[in-house]
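Next up is one chain by itself, shown in structure tokens, the form predicted on its own.
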């Protein structure tokens, strides 16, 4: 099939483009700028269209002859922009893409939302019917786009909405890098008691879910949380990262509230100057907001079955970080553990 992937050079988008091409599909990747990643996916055989999902003409150009759309493009961790930018890209951009899909008679539209629309999970684990309580502009605007997708489903377009958990894996330069980098130094600063739940999602497992959604009728009109089989206390995640790196796991505990205050102050000071703050509320939330989900609906309706568990996923990710030079190990730590 001819498949459009918006955000095709992002971490998830690139992995999805690779899988689609490997399985023989004709892939168009829409992304907002040229770079090494666009060059790379061109060498794989994808067609790349450069432009924003906010530009209707560009979206129309990318949509020509497409049968399935995976809409992944989003404003994410954009700290040096006005808040309206999130609305323009995540809400307005989604309307542009789904409307063009409808006009071009696309067969299936898959929208990548986020588990973050549920905010802190008060009663873990949560299903898709858990309260909607986004904690920031990214999460809020990702949810505000969901009813737009549902509106087109009501018109007759087959749609599926996925809410992925915490995505990680080889090819990801930032999501889990903070954890790996700190563990690699010999100790990990834990703000709070370390008992907050975190639900990882290995990149190959997520791509499996996207691929499953392409079949006619599968998941049509549904909203699905996508995650690995198990969730863990964040202290256990740190310990498993240490095991993947083969270094001792040393966690140092500190109060969380001074970090929360510092995050808000840093963000407010830096924002007028469009400077990325060294710490900000969304990063601090990792220490204090529960993320734990049920994936029963995705298993039942999509046939979703996460194949890569956390230990194997972290092992693969550790190998990639070390190979690419994102982290380095202190030889003395390895010697102590050997």
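Numbering follows the first chain given and starts at 1. All figures in this text were calculated on a predicted structure; none of them were measured in a lab.
Same protein, other form: the form predicted together with a small molecule, not shown, and the subject of what follows.
With the partner omitted here, the stretch from 163-171, 234-242, 253-261, 98-106 that lies within 4.5 Å of the small molecule by heavy atoms in the model of the complex is 163-171. Within 4.5 Å of the small molecule in the model of the complex, a heavy atom is found for not a single one of 192, 194 and 249. In the model of the complex, the small molecule sits within 4.5 Å of a heavy atom of residue 175. Though the partner is left out of this view, residue 76 does reach within 4.5 Å of the small molecule in the model of the complex, counting heavy atoms only.
By the criterion of a heavy atom within 4.5 Å, residue 118 is excluded from the residues contacting the small molecule in the model of the complex. Contact annotation: residue 86 falls outside 4.5 Å of the small molecule in the model of the complex, judged by heavy atom distances.
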